[in-house]
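One chain follows as structure tokens, the form predicted alone.
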């Protein structure tokens, strides 16, 4: 086993132990408020992973992931507030709505590449953002939808819901972990290899028999699924759904988190989202312009570590024999 593999397994084991003990270990060291912050980081990491799946593995730079995040939120909010659905049907409605929107918009979007693809994803996001803001009777407009939490599980008189902070944390952890496991299985499957082939050279991929359009559409819908799950979880976490989270700037944040953490790596989005959200929480209590620090750090990482933080760490721990195993990190290209 290579040195990098041993180091990664060791870090993963420490990370898993930390996550499993957060509700008890974090309050001993920090303010209990940080348990909720870590739960939020998990949700945003999953959202960043949806952007990473498209850019890091397929080579499509999307600024429309907030659209599917918003559909996941509104699927939950509308399902509970308007239809009176219980937890699981509302959760499923949010995910299905996000995937359906991803499929419909993806049919058109994945026909394009480069900056044209990025632009059309922004356009879709803006269209539905303004629709959500104007349809006040359904979406609540600027105020959004507030709803009461239904129980997640009921066993006779015993109920478990997000009102219990520990249950909320472990449910979010389990859902995000399952999504990352599914993503790990996909990117290491023949479909994942097809993603990489399309990312590296779509013309050559088509010449060896791969249907580039279908592969990109599959990736687009899968990314919509990840963003939809993140949006649904965030709706339960915040007890509301808002059109503001459908604006394309939130998609831009997900792209930045993925690139800074390490595009094309499984846990790059986790590293990027964790870094910037922790900076936001720590600095915002002392200085209102904390976004400047985040922006400067993002610029420095992109310039000094083009492969992201995870890529930089891998380069540092790799032996010469291991380095040949690393595929080239995707780069932002401006010309077709």
Partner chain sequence: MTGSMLKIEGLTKRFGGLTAVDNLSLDFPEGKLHAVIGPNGAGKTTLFNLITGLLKSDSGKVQFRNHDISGLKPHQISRLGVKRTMQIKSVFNQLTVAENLSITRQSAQRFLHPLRPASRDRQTRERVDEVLEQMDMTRLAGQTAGTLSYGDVAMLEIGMAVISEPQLLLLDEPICGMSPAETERAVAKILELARTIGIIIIEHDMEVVFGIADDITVLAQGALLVSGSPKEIADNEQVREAYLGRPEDEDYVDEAAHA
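Just so we're clear, the structure is a prediction, and the values are computed from it rather than from any experiment. Numbering follows the first chain given and starts at 1.
Just so it is clear, the following notes concern the form predicted together with the partner chain, a form of the same protein that is not shown.
- Taken together, the three residues 82, 168 and 174 lack any non-hydrogen atom within 4.5 angstroms of the partner chain in the predicted bound form.
- When contacts are judged by a 4.5 Å heavy atom cut-off, residue 146 does not count as touching the partner chain in the predicted bound form.
- Contact check for residue 136: every heavy atom lies farther than 4.5 Å from the partner chain in the predicted bound form.
- Proximity of residue 239 to the partner chain in the predicted bound form: non-hydrogen atoms within 4.5 Å are absent; the residue sits far from the partner.
- Although the partner is absent here, residue 200 is a contact residue: one of its heavy atoms lies within 4.5 angstroms of the partner chain in the predicted bound form.
- Screening 191, 107, 163, 96 for any heavy atom within 4.5 Å of the partner chain in the predicted bound form leaves a single hit, 191.
- Exactly one listed residue, out of 221, 118, 78, 186, brings a non-hydrogen atom to within 4.5 Å of the partner chain in the predicted bound form: 186.
- The stretch that touches the partner chain in the predicted bound form, counting heavy atoms within 4.5 Å, is 203-211, out of 147-155, 203-211, 97-105, 223-231.
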